[in-house]
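The data below hold one chain only, encoded as structure tokens and taken in the form predicted alone.
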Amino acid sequence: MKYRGFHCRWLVVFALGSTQLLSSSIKAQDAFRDPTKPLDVRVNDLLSKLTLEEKIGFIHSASKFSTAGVPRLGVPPLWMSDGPHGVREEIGPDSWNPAGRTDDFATAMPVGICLAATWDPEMARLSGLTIGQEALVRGKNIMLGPGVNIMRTPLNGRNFEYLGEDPYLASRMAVGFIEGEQSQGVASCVKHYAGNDQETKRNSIDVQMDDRTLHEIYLPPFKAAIKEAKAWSVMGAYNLFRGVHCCENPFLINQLLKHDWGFQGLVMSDWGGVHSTAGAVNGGLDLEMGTNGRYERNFLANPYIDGLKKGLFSQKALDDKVARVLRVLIATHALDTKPTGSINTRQHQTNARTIAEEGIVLLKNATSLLPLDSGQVHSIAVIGSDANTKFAYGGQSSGIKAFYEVPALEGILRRLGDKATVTYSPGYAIPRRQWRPSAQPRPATPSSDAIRLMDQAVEAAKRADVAIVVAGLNHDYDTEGSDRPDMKLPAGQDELIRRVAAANPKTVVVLVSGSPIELSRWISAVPSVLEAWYGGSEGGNAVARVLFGDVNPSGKLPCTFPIRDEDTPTSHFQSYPGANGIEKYSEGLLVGYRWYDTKNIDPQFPFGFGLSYTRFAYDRLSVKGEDLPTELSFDCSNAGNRDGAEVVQIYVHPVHPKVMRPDQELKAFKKVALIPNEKEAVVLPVEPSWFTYYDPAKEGWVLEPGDYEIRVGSSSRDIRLRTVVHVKQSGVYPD
């Protein structure tokens, strides 16, 4: 299904005066209209033709999702949209209420954490490309994504949007996504810069961390997005960083982003993230979005004009901001013939399903219950409210008004057809959350309705050959604006799973969530567990294809699943969600697996973990290079009887470091697809960055001579090959 979207208000304004405009104001010789001219020539030409008021119109919002255009010159507004998982539905120009249109549907792509679980930058590129093509149809210049904030705590409500706990994995996935999206002439907006790692008190919390932690953990995905993927825009975060709001933070924006990294695109605020005119002007912000009140009263609107006229601000700073916005406007073909794009095509549907399939993680398969044989299984009990729930519209800013969405129950029914009898029992009902902590106590005993639902589900499980429990969360828990109260499953799901497993030993649990869940209450009683995340439009079909062996699962966890919340670093230091308005990152570098591995704490499932329906063997590790290793190679083979793909992971352990360093860190990975008995020689370049750490005093990355153990494995806790290399070189690499 294809259609062309448009923005009515702008087109009406443009059409009313089009004849006069075309005849008098738009000149064929204007360089800004010539697509053969260099980008900066076009930008400077257009900039020179703008009045002060027209310049100001480009650096603050004129509706919820646009700037002002310049009808006098035939220059359209800059249009943007959420988000990282597809093009958001249209809202009113001056409110968050849906516009009520019928041409604002989109394909719902799998959420960010599912994308990260593919451990495949090509899947990220495919997701970005698909969203970019649909953004063209919907008339968008900028898509607000990807989100690359690090999973510091499992409780962050927006973990589902992000790319996991490791900066290297997040960087590689972000680069792939941005390259795919921007290849379509649509700008990516990398967010939320920086340290926006919780939703609790996100508008007021002051994030405090040391320079090593900042440079080694939280900045790398942003840096890769800018320096490698050449992202055209960045969104500042709501929180404060070292006492200054991120959208007005000269250290983050002027120093790091624009000076050190050479960023030439625009920096926009998160919606309502600006707090003063002087702060925004001097802090480096280029585009103010979402400030409450009339648009001409935005901090970068009339108050900025007044300051310019009083000599408080320089014309040069204004021109730099406007030029950055114009650079993105012109780079996205707003003044040229744009690609037409496509939406909800068969290919897009296939893309969404493929990514969802590759992101599903097989956590447990103790009795080889999976894959299910549809020729041998005659009756299946599908249990769980989440089995029949659609999730794409939820999560607030990342919600999608999907053309369609296939829940797990529907996917299973489609896959089986008339081959088996399928019964459905909801088993539980997740109540709407009350956001005040004091208003959400967990009931001591389940209600009569909850008991009835559970009893019905258990009876259904007893009568079936196989029980499939679809358990997890929803977007009342995984959502913008609030964090989860704890890691537990709500609505008595732990007891439901235990009872179903007792009634039917052939029980499969399919988890639907955007962040780690506490599983210890039932994991030992269940033979098979899948983590399916929020899979988008094709999520249910992807689940069914994995359950019945059409697809061999190859996803790996992009985050650690702790046994309990008390095991997490933020819980240990009691640093989350902050005190007295300050959030101290007391754990420093020890985020995610770095914490568990360094402190020898056993997780429920480690970072990088994921099983397969086949087996993989590793052999013949070797490293080339004298003073500094330059190449690593080893063999990976499929030792089972099914086609499959293995994500080989390379970690580096400094043997005797002179400064504190995590026990090991991910430095490379590759997804290898193999048929049975096939072997591939995996060859990877070894970069100096594998052995460096950031030294704030030297403002660079220090290569320290010494012994390093290179570890090759199937997860951070499943190391198959090891070798120690001696690095003789030393040096400092600039950031």
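Because the structure is predicted, anything quoted here is derived from the model rather than measured. Heads up: residue numbers just count along the shown sequence, starting at 1.
One more form of this protein should be noted, the form predicted together with a small molecule, which is absent from this view; the next part is about it.
Considering the small molecule in the predicted bound form, the lone stretch of 509-517, 235-243, 558-566, 583-591 in range is 235-243 [heavy atom distance within 4.5 Å]. Contact check for His85, Arg152 and Tyr218: none of the three has a heavy atom within 4.5 Å of the small molecule in the predicted bound form. Note on the partner interface in the predicted bound form: the residue among Glu480, Glu495, Glu89, Glu179 having a heavy atom within 4.5 angstroms of the small molecule is Glu480. None of Lys140, Arg484, Lys321, Lys191 but one reaches within 4.5 angstroms of the small molecule in the predicted bound form through a heavy atom, and that residue is Lys191.
Contact check for Arg172: no non-hydrogen atom falls within 4.5 Å of the small molecule in the predicted bound form.
A residue is said to contact a partner when one of its heavy atoms sits within 4.5 Å of a partner heavy atom; Phe58 fails this definition for the small molecule in the predicted bound form, lying far away. A residue is said to contact a partner when one of its heavy atoms sits within 4.5 Å of a partner heavy atom; Leu144 meets this definition for the small molecule in the predicted bound form. Although the partner is absent here, Phe313 lies well away from the small molecule in the predicted bound form, with no heavy atom inside 4.5 Å.
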